[in-house]
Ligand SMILES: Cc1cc2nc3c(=O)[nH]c(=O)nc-3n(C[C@H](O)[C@H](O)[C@H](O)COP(=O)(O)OP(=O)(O)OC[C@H]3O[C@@H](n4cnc5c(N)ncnc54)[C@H](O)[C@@H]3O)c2cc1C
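Just the one chain here, laid out as structure tokens, in the form predicted alone.
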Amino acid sequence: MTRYDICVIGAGIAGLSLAARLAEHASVLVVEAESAPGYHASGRSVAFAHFGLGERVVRTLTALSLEELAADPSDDRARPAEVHSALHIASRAELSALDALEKVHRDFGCDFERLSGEEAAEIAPALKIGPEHCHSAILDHGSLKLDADAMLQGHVRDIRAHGGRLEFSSAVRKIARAGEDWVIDTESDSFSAPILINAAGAWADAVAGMIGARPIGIEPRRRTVISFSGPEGSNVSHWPFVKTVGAGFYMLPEGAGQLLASPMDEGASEPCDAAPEEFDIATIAHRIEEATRLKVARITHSWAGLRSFARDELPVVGFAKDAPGFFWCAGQGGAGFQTSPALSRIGEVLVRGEEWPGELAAQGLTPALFSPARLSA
């Protein structure tokens, strides 16, 4: 049985980004039940970094992550991000929400401008304008379109470069305590490590249950996405990421004349291999046709993924109080990619017992904000 310093369960963006940092200092094993990284959630994400998601903590983590996300690769790997503007639109009834979002962009020093409905339609020509449609908007010039696969594979590459090991198609069957180590039995092998990191996404509470640790109440929520063709003969690649400030939809260009769209659904789900429901597919097609002049004549592809939340919708990063060496890395919700540089750094600091960084404290971020202990009541 091979012994490692750290074993990470889960090869989504949370587990891989943290494992890549820790592999620089320790021997690391990543165990993943599926045959590829990011199978259930990360690989199905429409990864886009913007400030229209989450609240103060998530937005602060996003701000702290943007520089690393936008940086040029140090080697021949694919770029993880490209600058792509985000257009946040509002009807007249939603202006107060748009005003609040404008303040967020101002507070974080974003390169943005406030637009009228007519100005927004010049940038996203399919939009309907008027009091009930796009009445006003915010255009963020610094948002990033992220390449989820490039980010996942980049972390895999870094883990291996530092001597780490990844075991795919290795569902965990049993976890037991043996002295100061955790012994992890998979379908084909056994491993041990004194530190066990639970980055199992929607299955995080199930992993905790395997060792008798208190669950933290992770709630998986289904998110649906469809792909359809843009207007015939039109180049939609320059269209911005478009998102309503309230309940509605988001839409963005994706490759050869295609558009992606989601109704931003959050249907409660058991941990599973999520599939889209017909109602949600119909909902997004209807919302696109109501808010734009586009016709969703044929849906090229549809899919769903699970986004996992703690009950306060903040990430959970820290050691459990009721299980020695058991570390939570869960609850990233829909912001896992855009916050992964900052969250993986926080995880690295906490796992290694380093001094809390001053730049995090200066932003009002403390270990207690992320600790699983906050969810024990």
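In case it trips you up, residue 1 is the first one in the sequence shown, and so on. All values derive from a computational prediction rather than experimental measurement.
The discussion below concerns the form predicted in complex with the ligand, not included here.
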item	value
Selected contact from Val207, Cys134, Ile284, Val242, since only one has a non-hydrogen atom within 4.5 angstroms of the ligand in the model of the complex	Val207
Gly325, Gly318, Gly52, Gly333 - the one with a heavy atom within 4.5 Å of the ligand in the model of the complex	Gly333
Which of 114-122, 187-195, 94-102, 164-172 sits within 4.5 Å of the ligand in the model of the complex, heavy atom basis	164-172
The ligand in the model of the complex: contacted by all of Ile9, Val31 and Trp203, heavy atom 4.5 Å	yes
The ligand contact in the model of the complex: Ile288, any heavy atom under 4.5 Å	no
4.5 angstroms heavy atom contact with the ligand in the model of the complex for Ala41	yes
Contact of Cys110 with the ligand in the model of the complex (heavy atom, 4.5 Å)	no
Close approach of His155 to the ligand in the model of the complex, 4.5 Å, heavy atom	no
